[in-house]
Every structure is written in structure tokens, then in C-alpha cells.
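First, one chain by itself in C-alpha cells, the form predicted alone.
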């Protein structure tokens, strides 16, 4: 993006991170749970340690003395479940009624939901893989595990799945959260180092260079640390391992809480609360699924389920991009630069204009907007104003002027059901208006076939042989 690239150049020149947002684009819980996982290098998703908790003054640490030992891995999962699952379930108490079907029915959801923070995208990947490796474990038969282990796996899989949804705030990583609001003068790859990224924001480039040599934020450890310190401790079964890992993870723990405090200094965007409502819906549905004894999530989605999920994620990504632009002038500026959004002043208004050319008269006010900005819309295009998202503005004509353009618009929706507009619903002469082709309106998904109606290559019935 052009303006983000400019902010990076300015950050490099100034030696200090630059803001790229005026509001916070994520929900920040009053009672979050911070989890810093650490994995053993060279082993597929072998947990080595985890520092976690919901109070900055009380970090708790779990350590796996021998990560290659299967029993110790599941003992780690059992202990982590005993700490994390009660937090996750602590919000499953008080419910509220939500109107559905235009008020003809109600459903219930929990009034709050949990929020888990990890340092970086690698932490989310670790939780996803660890969930997959634990949610199918049997609690009886050969090699049983405690009942808490598959339960933890289902919760981790749920959280990791939520993290894939753009705009969700159930499972967040600090690197992405900071990068959403500040631009540094280093590369995107360097931004993945949590300590360096935070140093750019807090103190500047010099502090960031020093932080690069500091402890990593997991889930992978530093190779030199592995060879010089970690390997001998594990090989000898040295009880000092817990102390060493505590000292390794404590700086990241402290950084995580400073990051949360810094994010709290930004006011939340207007549409953040609505996205958190969706998170609460998702949480409520999953808790109900567990209460009913529902099975663990499948290893992989079927063809139809995968297509439906991809469609939901694409729609969520498009809606999230629009909502961020509507909430934040700095984000919208990128669209104004591209010409798909422009600001202007209302110079003429006919708020009571009625169109009676159809079968029945309808209210269709018209306004004239004068703009000096570049615009790349044509007559017939439909525009929306973030100030009145329920109202549509159809471009009737665009006339060039010495100062820019005069755009004649015909309004529909968001003005009440009568032939006289509700007060304030039609922009008045002199009002500054922002208009854009962006829309956060509902977009219906494409119709997908029943799984039984798909070809055998996609999980449907097998093909018939030539002899019937």
C-alpha cells in the first residue's frame, strides 16, 4: 500500500515507528490470557515450555524436561488444559437474548468471550498443530491420555480456526496487532521479531538494533542457545532447566503486557464491537457443541465444507477491509488516493424530491457535491458514505469545474418509510461528505451442492461402471 510504504520511509528517516491508524482495529479484552509457547527445535511440534497467565504480575511456567518423551508431552497438555480451559469456560455463564428474523424470534449468546494472546503468527501455528495432535487422543484403550488432553485439543483447534477469520479477536498475535497500527523502518521479515518491533515503537531504531540480540519470542528457540545451553540441560536432566527457560521467556512476557497497555491508548473503532459480537456468537456455538458431546473437528474439511469456509473467509476479509476504512481516516486515505473514495462539500440539496415515474412515488432526494479530489467513478455508480452506511448514493452526473468536479447524486434508503425524509438523513448544504464505492453490505454466498451430489473425486458417490 502506498501510504504504508510512505510511513515506512518516514519511520526510517526519523528513526521511529510511525502510526498508520487513528483507532484500534481489534477488540481488547479487560481480562486477556497471555500464552507464550516454546517448542523444541528439530522435533515436530514438541512442546518444551509455556509461560502463561491472566495477570502480568503472576506468570506461570510449564516445562517439559524431555520433549521427546510421549508421556511428558501429554502431561504438559494435561497441565496446560488445567490452566487454560477454566479460563476459556469462565465466560460461559451469563447469556443475553438477541433478536433474529427481524424480531420474530430470539437466540441466546454469552455476554462475553475469552481472548488469548500469543507473541507472533508462529505461536498460532504451534497451537493449531498441538491441537491437531491432541484432539483425537483416546482416553481409554491402548496409550490412554487424561480426558483434559483431547478437550484442550478441541479448544486450541477452535481458537486457531477463529484466528484465520479477518477481524476476529478471540486469538490474537502481538506482531500482527502492532503491525496493524504502526509502521517501522525495517523490513517485514524483521518486524516478525517481537522485541525489535516493539523497540521501534517505544524507543526507536537504535533500541531496535539492540533488541535483535535479545531473547526470541518463540515458538522456535535460537540455534546457538539450543546447542550451548539447552541441549546439555536436557541431556543431563538438569533441574536448572526450568530456571533457564523462565529467564528466557520473562522478557517476552513483560513485552506482551506492555503491548496490551500501548494498544489500550488507541480508542476502538466504531465497528470493533460488532465484530466482537460475532466472536461471542462463535464462542457460544462452540461451548454448546462441547456441552452436547459433539465430536472433535475433522482432520480435514470435505470439498463442500472447504469451499463454504473459503467463501466465508473471503467475505469476512472484504468486509473487514471496508470496516477498517470506514472507521479510520488514515486507512480510508489509501482509497482516496486511488480515486475510489473522495471528500467534498454539499453545495445543493433537494431533500424532498419525489420520483413519481414508477408505479408508485418514492422519495429520491438529490444533492450536489463539489470536490477537488481525483475521482474514478462514472455515472450510474453506487456510492456509500461511512456517516450513513445504510444510504445509497447513485451518481447521476459528473461535471468538471475549474476547482475539480461537481457530482450530482440521487439518494435512496436510510431516510425512513415516508415520502418526507427523517431529519438529518439527507446531507444539508455546507456539510462535508466522504463518498466511496466501498460497501459493508451483506453479500450472499454462492450456492453449493450437497456433499452427496458432488463427484466421487470430491467425496460424493463413486462413479458407475460402464456395465451399470
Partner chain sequence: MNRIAQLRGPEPAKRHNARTIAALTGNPGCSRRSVLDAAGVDKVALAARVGFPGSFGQSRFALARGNAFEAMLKADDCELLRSVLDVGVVGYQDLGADDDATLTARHARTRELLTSATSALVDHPLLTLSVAGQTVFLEPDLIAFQSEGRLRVVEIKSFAIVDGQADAAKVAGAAVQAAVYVLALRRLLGDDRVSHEVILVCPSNFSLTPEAVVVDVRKQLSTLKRQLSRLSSVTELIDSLPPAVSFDVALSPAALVESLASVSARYVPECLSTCEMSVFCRHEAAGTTASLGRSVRESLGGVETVAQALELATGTATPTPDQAEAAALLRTAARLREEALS
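Numbering follows the first chain given and starts at 1. Remember, predicted model here, so these are calculated numbers, not experimental data.
A second form of this protein, the form predicted together with its partner chain, is not displayed here; the remarks below concern that form.
Counting only non-hydrogen atoms, choose the one of 209-217, 96-104, 303-311, 263-271 that falls within 4.5 Å of its partner chain in the predicted complex. In short, 209-217.
Does its partner chain come within 4.5 Å of any heavy atom of residue 31 in the predicted complex? It does not: once its partner chain is placed as it appears in the predicted complex, residue 31 has no heavy atom within 4.5 Å of it.
Using a 4.5 angstroms cut-off on non-hydrogen atoms, would residue 422 count as touching its partner chain in the predicted complex? Looking in the predicted complex, residue contacts with its partner chain do not include residue 422, since no heavy atom lies within 4.5 Å.
Residue 167 versus its partner chain, in the predicted complex: is there a non-hydrogen atom within 4.5 Å? No - in the predicted complex, heavy atoms of residue 167 and its partner chain never come within 4.5 Å of each other.
Distance check, residue 226 to its partner chain in the predicted complex, heavy atom within 4.5 Å: Yes.
Considering its partner chain in the predicted complex, which of 61, 65, 41, 438 comes within 4.5 Å of it through any heavy atom? Residue within 4.5 Å of the partner: 41.
Which pick from 347, 187, 382, 397 sits with a heavy atom within 4.5 Å of its partner chain in the predicted complex? Only one listed residue qualifies here, and that residue is 187.
Under the 4.5 Å heavy atom criterion, name the residues of 10-26 that approach its partner chain in the predicted complex, in sequence order. If the 4.5 Å heavy-atom criterion is applied to its partner chain in the predicted complex, 10-26 yields 10, 12, 13, 18, 19, 20, 22.
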